[in-house]
Every structure is written in structure tokens, then in C-alpha cells.
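Read the single chain below, which is given as C-alpha cells and is the form predicted on its own.
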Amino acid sequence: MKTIKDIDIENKKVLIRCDFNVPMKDGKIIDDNRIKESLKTINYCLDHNAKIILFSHLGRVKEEADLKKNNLAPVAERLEELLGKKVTFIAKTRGEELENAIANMKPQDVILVQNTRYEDLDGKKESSNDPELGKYWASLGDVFINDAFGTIHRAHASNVGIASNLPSAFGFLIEKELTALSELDHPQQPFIVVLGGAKVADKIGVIENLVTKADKILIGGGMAFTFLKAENYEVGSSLIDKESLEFCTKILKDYADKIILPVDVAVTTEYSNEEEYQVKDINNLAYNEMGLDIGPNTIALFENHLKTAKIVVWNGPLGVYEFDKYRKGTEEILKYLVDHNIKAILGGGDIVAAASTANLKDKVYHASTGGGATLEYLEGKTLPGIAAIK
């Protein structure tokens, strides 16, 4: 893996693709974790007297109205606070203002360029990896560092496009992510996979790729009910991914000893946090009941399979963790992993958000910053952002 330590950045103009795609509300940053994750690479460049030009996307830009709400100006302000030094924000993605600002940079100056997806308003130039745009951005610097793990599974102008035109390497965040995930290429045994979330369809590639490597796959969340339906259980009004029933039937037949499903669930008749719930055995669900979390016997069952695990990878919560009534299954299993020092890799997205809500994110072995990227890695796919630099 070619990292920033393997490339000469001393006194160079260094373009860094960061992941500043932070959650925002009313123009305010709700969670600045992704900005903090970029600091190690930026500070390394400062220590080497580089001129630092930062790129990132924020949200999706499909129409004019998206420009204002996805402006990176608040990120520039927060980054300035975290770095303790001035960050010059250029509210354009190209043109004379940007070029002049870069031409006048001194060593250790930091510029943040406007949201790269502003370029999507005119023909999706960023998201389609427009070759002219990638070449233009590359012309602004001497070397390129990709440190945006969250977009490494996408071929965009600001990652693959720039990397195709400049000497390139990975930043410290991507190095950390890939080092952790590479442990799953040839995992220590027992190797346990925990899968939750809503739809089976989103996890088919992961299941197919990992079922031969894993000792067990523990399944919770909404997707568990499609598997239970495939086993002919009455699942009431629980979430069902009908298109994936055939896949579930086949995987359960081929790997009956590896797939572990819930034995009891927290059920209610209404998808809300207000309605009362009760715990029922999966044999006893009524036609109008929906399962929104795993039950205590399932928690015990999962913990029994996890107790000897050498490494665990987990994607997707085991219940509707947005409702505090249905967080118990997810939080109990997270606590079990932490309390028993089991090496756990959380695959980004909702399970990392759930761990953060439970104040457990910083206690697990690795919490990924990119859900989509992690899923595609676990599927065994080639990730364009990696391939462009390798």
C-alpha cells in the first residue's frame, strides 16, 4: 500500500481528497467526526511545509436548491478551529479565484475548495469522473493524497480523476481502514459475521463472499424476517424483502449450520416508539405483529456464538435503533464485544451510528467511516479509488 509516507510532499502543493460529508442541520454540523479523522494527514502535510489544497463532497447536488444546503463553508470554519490555523475557503470549484489563491500560497497554507459535487449540476462531471475535470483539478497541485475512504468505492473526478494525472498515495485514514479490513481477507478463526439492517438485497454480495470464510453468520434486524419467512415462519407484518426470498431459501439450505437466526423478537402492532411491545418466540407471532428488535434469548444465543470469536465483522443494527425501545439487542451485543475484548470491525453506516449513540464507538477495535465502501470491500469487489493508486 503506497501511503503519504512513501511520497515526497516537502514544500509541494498537495491535493488531499478528504471526506467532509458530515451530517448537517440548518447549516450547522451535527457530527464532526469525519473532519477530525482527516487531521492526521493534514497535520503531517503541515509538518512537511506543504501547501495544502483540500477537496470534498457534501451531500448530493441535483438542482440549484441543493447548492446552498451543501455549501462547505461551515466545514471550513470547523476545520479552522480544529487545526488552530487559518483555512481559506474558496467558494468555487474552478476558475481564476481558485487558481490565483493557489498561486499565492505559502508553505503551510490551507485552502478548502467548494463542494466537488457542485460540478454535478452541469452534466454530473464529478460523479461521472469527467476526464477534463480530473485533469484540471490535478493541474492545481504537485501530488495527490486520497484520504476519503467513504468514496473509495466510487470513480469520481476528485479521486480517480486526479489520481490518474498525478503522483498519488493514500492518507493515514485510508491506511487505517484498509489495514483493519485486510484482516478479513484471511481472518483468524473463529470468524463471526453479524448482519442487520433492513433489506437482504443490500447484503447478498457480502453473504455470498463471506459465508465460506465465516464460522457463523448471525442475522438480526429487518432482514432476519425474510430469512424466517423462507423457513416458513409466520412473521406477521414484519419487513419482508420478497425479491430475496429465493436467495434466503438457497443459502439456508446450503449453509444450514452457519446461518443463525433470531429465536425471539420484540413485537408490536405499530411502527413507532410510543406503542407498547412484548417479547415473543418466533413461533408465536400474530398476523398483525411486526418484529422491531431481537429478544433476550436471541441475545444469549448470539453471545454464545461470539464468546470464542477471534474476529467479528458487523454491518447493520439488530433492531430499529432510531427508537430507543428497540436498541437493546444492538447495544447488548456491542457491550458484550467490548466487555470481552473481542476484536470487532464495525462496517460503517448505521451500526457505527448506533455504537456512537451507545458511547461504544471508540471502544471497539475498528469503526469504519464508510458504510458503502466497507460493504463493497466485504463483497470482494475492486474499489476504483484503490485501483487508481495501486
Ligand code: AMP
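Position 1 is the first residue in the sequence shown; the rest follow in order. Predicted, not measured: the structure shown is a model, and the values here were computed from it.
The same protein has a further form, the form predicted in complex with adenosine monophosphate (AMP), not shown here; the description that follows concerns it.
Among 197-205, 158-166, 120-128, 134-142, mark the stretch whose residues have heavy atoms within 4.5 Å of adenosine monophosphate (AMP) in the predicted complex.
-> Checking each option against the 4.5 Å cut-off leaves 197-205.
Does residue 98 reach adenosine monophosphate (AMP) in the predicted complex if we count a contact as any heavy atom within 4.5 Å?
-> The answer is no: residue 98 has no heavy atom within 4.5 Å of adenosine monophosphate (AMP).
Could you tell me if residue 239 has a non-hydrogen atom within 4.5 Å of adenosine monophosphate (AMP) in the predicted complex?
-> Contact with adenosine monophosphate (AMP), yes.
Distance check, residue 295 to adenosine monophosphate (AMP) in the predicted complex, heavy atom within 4.5 Å = Residue 295: no, not in contact with adenosine monophosphate (AMP) in the predicted complex.
Going by a heavy atom distance of 4.5 Å, is residue 331 a contact of adenosine monophosphate (AMP) in the predicted complex?
-> No - in the predicted complex, heavy atoms of residue 331 and adenosine monophosphate (AMP) never come within 4.5 Å of each other.
Here the chain is shown alone; which of 320, 313, 282, 309 has a heavy atom within 4.5 Å of adenosine monophosphate (AMP) in the predicted complex?
-> It is 320 that has a heavy atom within 4.5 Å of the partner.
Which residues in 216-242 have a heavy atom within 4.5 Å of adenosine monophosphate (AMP) in the predicted complex?
-> Stretch hits, in order: 221, 222, 225, 239.
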